[in-house]
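Alright, two takes on the same chain below, each alone as structure tokens: structure 1 and structure 2.
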Structure 1
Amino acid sequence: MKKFLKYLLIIIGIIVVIGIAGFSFIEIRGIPSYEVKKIDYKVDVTPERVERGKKLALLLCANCHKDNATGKLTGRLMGEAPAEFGKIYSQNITQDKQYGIGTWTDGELLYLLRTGIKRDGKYAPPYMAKLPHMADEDINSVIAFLHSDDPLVAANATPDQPCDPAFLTKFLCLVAFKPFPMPEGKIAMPDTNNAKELGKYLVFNLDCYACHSADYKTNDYLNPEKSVGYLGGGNKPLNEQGKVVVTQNLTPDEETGIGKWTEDRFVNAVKNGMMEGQPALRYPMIPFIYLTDREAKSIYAYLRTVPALKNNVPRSAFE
């Protein structure tokens, strides 16, 4: 018996030492870096692309990168990020050459947006949206806008604030969240005459599923429809006061989702933030005022086709 206990204590000691060593390695190493693939890529900038890129940036980038103090995409503290991921700052993506992306090439921006790898090799964790599903033309439009003279991205020398990722973020970036591969072929724009196809494209590329599925940690960003609890709600971002705001069920379940919602009710909630004359949205979700009615209706059409999940999510109260 004494011999058994002796060996058991030795085994437990070894496990503890390995655990401490593993924790220390991950904590010290931090977010992994990767080899950067140089891409010779040049976007033909046109007024149409800049206009389209601005719309996409306002829908996808501005909510995280716009600082109300500067009125530009100079980055900010992302207080809505769950505390378990650490203290997260979005970065300066204006044309400033020292603190922004003023010296970034089109190829470097493309590589970051597609893979999540910055030009210095550092990996941008999942709290930065990547665009593995976005059409080539829309990616070109985003790059054209970021390199434009629009006031939102005009050079502003606001220094970046370094993120302070938690151990969980470092661990997940080591074992689960990896850079995405560059697309092997061209990605075409969706058929805008096919409401369900356009809606799926928007749900994927506006990251609707990322917040409205079960948990950021179990999202499948390369295959969104395989995310745990796809669009069934239950994720837990924070509001401006740091309180949890549970995301809602967007599946067509009639009891706990939007199965009984009319198209008009959905469009009014998403675009105008109103529902039956009352505020419908809780921060960090804000009205998608830059969506057209047709786009909002297309999202509704697609949501009607996803598998219904029975997930009764209590609606968070307004502060």
Structure 2
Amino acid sequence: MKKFLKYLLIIIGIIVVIGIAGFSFIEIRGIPSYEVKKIDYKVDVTPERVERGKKLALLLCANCHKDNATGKLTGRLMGEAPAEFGKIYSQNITQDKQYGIGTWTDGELLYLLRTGIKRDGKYAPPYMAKLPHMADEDINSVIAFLHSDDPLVAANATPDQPCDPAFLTKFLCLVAFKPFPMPEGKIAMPDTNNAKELGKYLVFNLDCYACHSADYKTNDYLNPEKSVGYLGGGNKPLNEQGKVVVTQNLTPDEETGIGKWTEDRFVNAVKNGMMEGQPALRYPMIPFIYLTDREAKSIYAYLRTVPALKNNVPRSAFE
């Protein structure tokens, strides 16, 4: 019996030591690093690209990177990142050479935006956007805009606040969150005369599906339509105070989705955040004011074609 206890204690001791070693390894190593493929890539900066890139950046990047104190993309504390993930700051992405991305090459930016791997090899966790589906031409426009002297990105020496990711984030980046592969072929622009095709492109790239499916954890980011409960709502993103604001069902189901919505009601909700007979839509649903009416209508057209799901998700309580 004594012998048995002795072995038991030894085994428990070994397990504890392995546990502490594993914990320390993950804690000290931090977010995993990956090989950075050097890509020879140069985007021609044209006024058209800068203009298009600005629109895309306002739709896709400003929401997280814009600092209200500077009015520029100098980064901010992300109160909407789950507290268990640690203290997260979006970074200065103005042209400043010390704190911003003034010395990043086009290839480094492309690699980060496609895969999530920064130029130092560190993986940018899911609280930084990735663009695996964006057309090459649109990504070129984003890069051209980032390198422009537009007031949003003109060099501004606001120091970066380093992120302080929690153990959980480091652990999840080791076992669950992985970089995306670089796309193998070219990604063409959608046919803008085909409403459904354009709508699908916007639903993929503006992350409508990422928030409006069942859960971030069960989304399929490389094949969005394979996400669990695709566009059926129920995901629970947080607002800037860290409170859940549940997402609704955008499938054509007539009772629980938007099957009975008119196009006008939809466009007004998406572009202006306005809801007939209800309080306005709240963060993190931002009014997509930079979409044209035609783009918003194309999203509506696409959403009418996705499989209808029955999932009743009333809006989160108002305070």
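Here the rigid core means the biggest group of C-alpha atoms that line up within 1.5 Å when the two forms are laid on top of each other. All of these numbers come straight from a predicted model, not from anything done at the bench. Numbering runs along the sequence of structure 1, starting at 1.
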{"item": "Displayed copy of the chain that is the form predicted on its own", "value": "1"}
{"item": "Flag for P47, CA shift 2 Å or larger between the two structures after aligning core", "value": "no"}
{"item": "Rigid-core frame, C-alpha of L198, shift of 2 angstroms or more between the two structures", "value": "no"}
{"item": "Large Cα move at A280 between the two structures, threshold 2 Å, rigid core", "value": "yes"}
{"item": "Between the two structures, how far the Cα of E240 shifts once the core is aligned, in Å", "value": "3.3"}
